[in-house]
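The chain that follows stands alone, in the form predicted on its own, written as structure tokens.
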Amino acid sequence: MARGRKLEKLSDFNRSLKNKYGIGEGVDYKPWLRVQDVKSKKGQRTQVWGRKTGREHHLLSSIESQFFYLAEFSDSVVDIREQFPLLPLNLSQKIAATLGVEHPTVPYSAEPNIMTTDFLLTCRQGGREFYRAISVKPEDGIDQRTAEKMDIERIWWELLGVEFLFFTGNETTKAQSTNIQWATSPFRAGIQTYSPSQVEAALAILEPGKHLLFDLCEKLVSMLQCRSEDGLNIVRYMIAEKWIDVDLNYSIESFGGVDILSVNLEKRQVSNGD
């Protein structure tokens, strides 16, 4: 892992901008803050390879990870930029002054700090492209100071005409996110995919309804004449690629079962050459 950057004063911020942190889109975007840059933040920090962006995403808490998997799985989301900087600095300072609240400062140096929004999503729907800024916070509530900073964020984005939302998560979104992570993790960074003929064969036996994972995997292994571990991975692949739509509201792995809500007939027909 690369060394953390020092972000304590204006010269540090300018150097980061010169090195293109907080700039770019898709694979070229470099988050303003990376996991190695934030040593004091509480929570589980992790890096996840983005299947849509083709780069490592830097997630600074478990709730950020939860939101990331949900956002990436959404058909309307085409790009995810995490730890997005609110620049220029003087704009967030003016907003803070207008609100009558203190602008965030760098610990120890007391220099004005660059604020960030947890996620900036690029969405595409109905031929329209638009952005959504998302602040992610734990479901157990926020304190007054956090609310003040969120107000600065909200106005910053509203001035740009971008919808600002916040995500707190709950037991259902946690289960959904865990299932998406479970289904997609073997296929990140271009690892292991299945041929069209294998997908076609799998689709031929997958039908809506509740299935025990063990039974479903045994059928797939028998039909495809593949290794036993491939049976489970094919099920995960079908979910990850949305060949099948499943109930994500309970832990598939923990319960050992999957409820297939529908098979993507359009994809099935394509795979069959219909």
Partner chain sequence: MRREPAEYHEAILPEHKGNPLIEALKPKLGMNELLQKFSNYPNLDQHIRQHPDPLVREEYTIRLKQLRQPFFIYYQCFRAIETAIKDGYGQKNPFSPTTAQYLHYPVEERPEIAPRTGYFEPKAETITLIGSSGVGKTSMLEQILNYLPAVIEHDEYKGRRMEFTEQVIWIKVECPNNSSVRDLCEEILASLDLVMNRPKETPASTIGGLMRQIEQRIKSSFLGILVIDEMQRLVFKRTGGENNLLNFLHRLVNKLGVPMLFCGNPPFDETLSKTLKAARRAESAGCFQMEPLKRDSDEWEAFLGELWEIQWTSVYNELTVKLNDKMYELSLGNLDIAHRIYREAQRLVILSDSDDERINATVLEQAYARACGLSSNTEEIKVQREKFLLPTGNRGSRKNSQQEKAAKPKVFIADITRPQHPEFEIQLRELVGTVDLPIRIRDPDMFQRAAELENPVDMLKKTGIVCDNPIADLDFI
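Because the structure is a prediction, the values reported are computed rather than measured. Positions refer to the first chain, counted from 1.
What comes next is about the form predicted together with the partner chain, which does not appear here.
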Though only this chain appears here, would residue 167 touch the partner chain in the predicted bound form if you measure heavy atom gaps against 4.5 Å?
yes
According to a 4.5 angstroms non-hydrogen atom cut-off, is residue 90 in contact with the partner chain in the predicted bound form?
yes
If we define contact as a non-hydrogen atom of the residue within 4.5 angstroms of the partner, is residue 148 a contact of the partner chain in the predicted bound form?
yes
Even though the partner chain is not shown here, does residue 173 get within 4.5 Å of it in the predicted bound form, heavy atoms only?
yes
For the three residues 186, 217 and 252, verify that every one has a non-hydrogen atom within 4.5 Å of the partner chain in the predicted bound form; reply yes or no.
no
Quick one: of 248, 48, 206, 235, which gets a non-hydrogen atom within 4.5 angstroms of the partner chain in the predicted bound form?
248
Do any residues of 82 to 108 have a non-hydrogen atom within 4.5 angstroms of the partner chain in the predicted bound form? If so, which ones, in sequence order?
84, 85, 87, 88, 89, 90, 91, 94, 95, 98, 99, 101
